[in-house]
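Next come structure tokens for two forms of one protein chain, structure 1 first, structure 2 second.
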Structure 1
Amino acid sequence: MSGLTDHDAALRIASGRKPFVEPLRLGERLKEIRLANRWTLEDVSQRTGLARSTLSKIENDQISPTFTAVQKLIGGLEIDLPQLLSPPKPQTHTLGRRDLTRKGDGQLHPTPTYEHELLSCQLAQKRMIPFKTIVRARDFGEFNEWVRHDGEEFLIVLDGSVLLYTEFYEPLRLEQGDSIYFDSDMGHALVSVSDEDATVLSVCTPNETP
């Protein structure tokens, strides 16, 4: 079992996205794009190969387009999927936000190898994602693939000792108080080597959402 997916999921949640997919007004968004380009349904039909009627229904949320239909859309309109999905960013530069997390009050995300506790998860739109992790893994073999995610990661050992395996380096032993900063798209994995499970604090940069 790999921590990869859960880890990423944790990051995704921490970065402020809802775990459950919101309505996602795809129809509305499509219409926006179409009108922004002064295209008629017929135009879009030409470009995408989808019927006018189909497009109309998609825009009015009367049907949920098939994935192939979505592909035709993004292909025909020459847009990216994120562009189709993400509504224009509000980008509220609110000042003075604050998010307190008392000890032990983080949001738990257990996996077989790691036990994550997400900190400061009240706040969306963060540029850093902090979490505390109890390292359950005891052997590198417990990971069936590298943990890997875009961006950078800072990690400091709070308790115990760990062995940090990375894709391009020899395993590195880290004791309590040691810290490391690395590009997290380099595969990495932690195992505890102290008597008790080690605890580390990590801070990641969120996934790019361009």
Structure 2
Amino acid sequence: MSGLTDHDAALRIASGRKPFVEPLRLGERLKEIRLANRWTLEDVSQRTGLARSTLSKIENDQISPTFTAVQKLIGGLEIDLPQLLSPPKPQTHTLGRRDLTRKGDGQLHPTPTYEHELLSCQLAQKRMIPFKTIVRARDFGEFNEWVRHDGEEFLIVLDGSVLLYTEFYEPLRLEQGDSIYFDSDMGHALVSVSDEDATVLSVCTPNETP
């Protein structure tokens, strides 16, 4: 990136001498728009036709997009030019958000093997996805396929005991109070091995934290 001021860049664009948008903090603004919509780089790539590597370089100010790339961004993201070129919003130290979930008031999402209770459901664009799960499965054979999803996961056993099956490791027994952190795009599955169905708390993150 050059050391041109915004005024210099505007003059260059207006004169047509260099068809690039340079020191307008466009990369920072693009990332702000992407994260506000909870899009991954792959999502934006599919919407605009621009390669993920190109989008990453734009966001990190490693390259300046051509007018053609800017047009693809505007069309693919369904925004206008002023929205894309407007200065990024100043970052605040805290948003002051909170979301209380009383006992038993989460969103229930039962499956044949798990009974999930999604927590903190009122907040949009969370950086974490917390949920409590009663593990109904008693045998790995109850799963038709591996459980897998983007991001990472932290899991702690609240009650009972579980056997954690993972794609690349031997099954691991976890007792009450034990916890584990793992890549959740790796196939995994839980079964209860205690007399009563085990209960676990999981916190997941998306691949790219907004």
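Quick note, the numbers are simply positions in structure 1, starting from 1. The model shown is predicted, which means the values in this text are computed figures rather than measured ones. In this text, the rigid core denotes the largest set of C-alpha atoms whose superposition between the two forms falls within 1.5 Å.
The form predicted alone is represented by structure 2; structure 1 is the other form. Comparing the forms between the two structures, the C-alpha position of G75 differs by 2 angstroms or more, with the core used for superposition. Relative to the superposed core, I33 undergoes a C-alpha shift of no less than 2 Å between the two structures. Here D183 does not count as shifted, since its C-alpha moves by less than 2 Å between the two structures after the core is aligned. Fit the two forms on the rigid core and the C-alpha of S56 turns out 32.6 Å off between the two structures.
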